[in-house]
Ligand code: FCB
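First comes one chain, alone, set out as structure tokens in the form predicted on its own.
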């Protein structure tokens, strides 16, 4: 049944980007390389051979992007800070010029009536930190706390909400188990140890933000996907729960519940490989003022006796696909919001990323008629409204992404932006039809949702 979508007064409407994907300017004002600078410049790591050296050049062109956001009625901007811009060397000295860039960005956003929602870390680890062991070395726990303290003490007087980490699951597993992302390592036991250190550093970052800005709200952005059992067989249901534990809860439960979820068939072996030490679980325990959900698709999961570790395999779903190959299943957003709401005691929730890749470019009229993305946004926003009607405390929605950008190992082949960027020319920006439709919804244009979607 179709129902009208309603969003409460004060609902936060925003868009999101990350530093390496949009900033460019890899050596400006004292910045040193990140692991993504190195990875992208390694032949064969990025499918189209591109790098983020220029990206959208937002480091220099942020004023025009702010004008665009304002024209679209966006009231918030989620961006990330580049750690090697702020602390470019292992001596830990703060780079005044690099931090001043974010000072100017925050002031410009506020002047335009757009609330800044900074993310402290979105994957671009300083190369000097990787050389010291990266996320596998426990020294990073204190280093990350120092970085968070430096940023928040400089900007915190103007910022009401901080996001500490973006998608710790992705930076751990794609960076250290599969090697598909920077730093490009492929070692399952290493990834288990890294994940544990990431959780310890995450908690340290939360403490640093709270110490520097006691009045601010603190959260993070976790990538999540609803796990659908492939059949009604109880073994498939159990496998789907293990997938949920590994993807959705592994980097959240230890921090808020004090224990790792049952994600593996042999949890004792997993915990032993992780090098969990006395006092770690207490050091990891913290709390969040809000939970950010990054959601793009769902997972269809079946039991797999041939996998002795997780005991599961992922199957292709039956829904349509975006250009990157991800299944479109709008009901999964409603489902994961309801799961987070139930599992974590009715927390405040932000949809910190949601969107799709669509290659549509300007037509003969100069406009971008990205019908698939427009439909994607309508359907998923409808499911946010459905979750609100069900009683979930959803505070806002951030479309991924504001701009077409450097899409990590996919380079510039995949376009997630609601604003088209001319990468072959002068980097001009063109607001797509999806951006105009989002602007209309923000302004109150009618939207309906299907309350029967699974």
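Positions refer to the first chain, counted from 1. Keep in mind that what you see is a predicted model, and the values were worked out from it rather than measured.
Another form exists, predicted in complex with beta-D-fucopyranose (FCB); not displayed. Remarks below refer to it.
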Interface membership of residue 37, beta-D-fucopyranose (FCB) in the model of the complex, 4.5 Å heavy atom rule: no
Please check if residue 65 has a heavy atom lying within 4.5 Å of any heavy atom of beta-D-fucopyranose (FCB) in the model of the complex. no
Could you confirm whether residue 329 comes within 4.5 Å of beta-D-fucopyranose (FCB) in the model of the complex, counting heavy atoms only? no
Using 4.5 Å between non-hydrogen atoms, is residue 260 touching beta-D-fucopyranose (FCB) in the model of the complex? no
Among 373, 380, 176, 122, which has at least one heavy atom within 4.5 Å of beta-D-fucopyranose (FCB) in the model of the complex? 122
400, 59, 412, 420 - the one with a heavy atom within 4.5 Å of beta-D-fucopyranose (FCB) in the model of the complex: 400
Here the chain appears without its partner; judged in the model of the complex, the stretch of 130-138, 331-339, 288-296, 274-282 with heavy atoms within 4.5 Å of beta-D-fucopyranose (FCB) is 288-296
Checked 153-170 against beta-D-fucopyranose (FCB) in the model of the complex; residues with a heavy atom within 4.5 Å, sequence order, are 166, 167
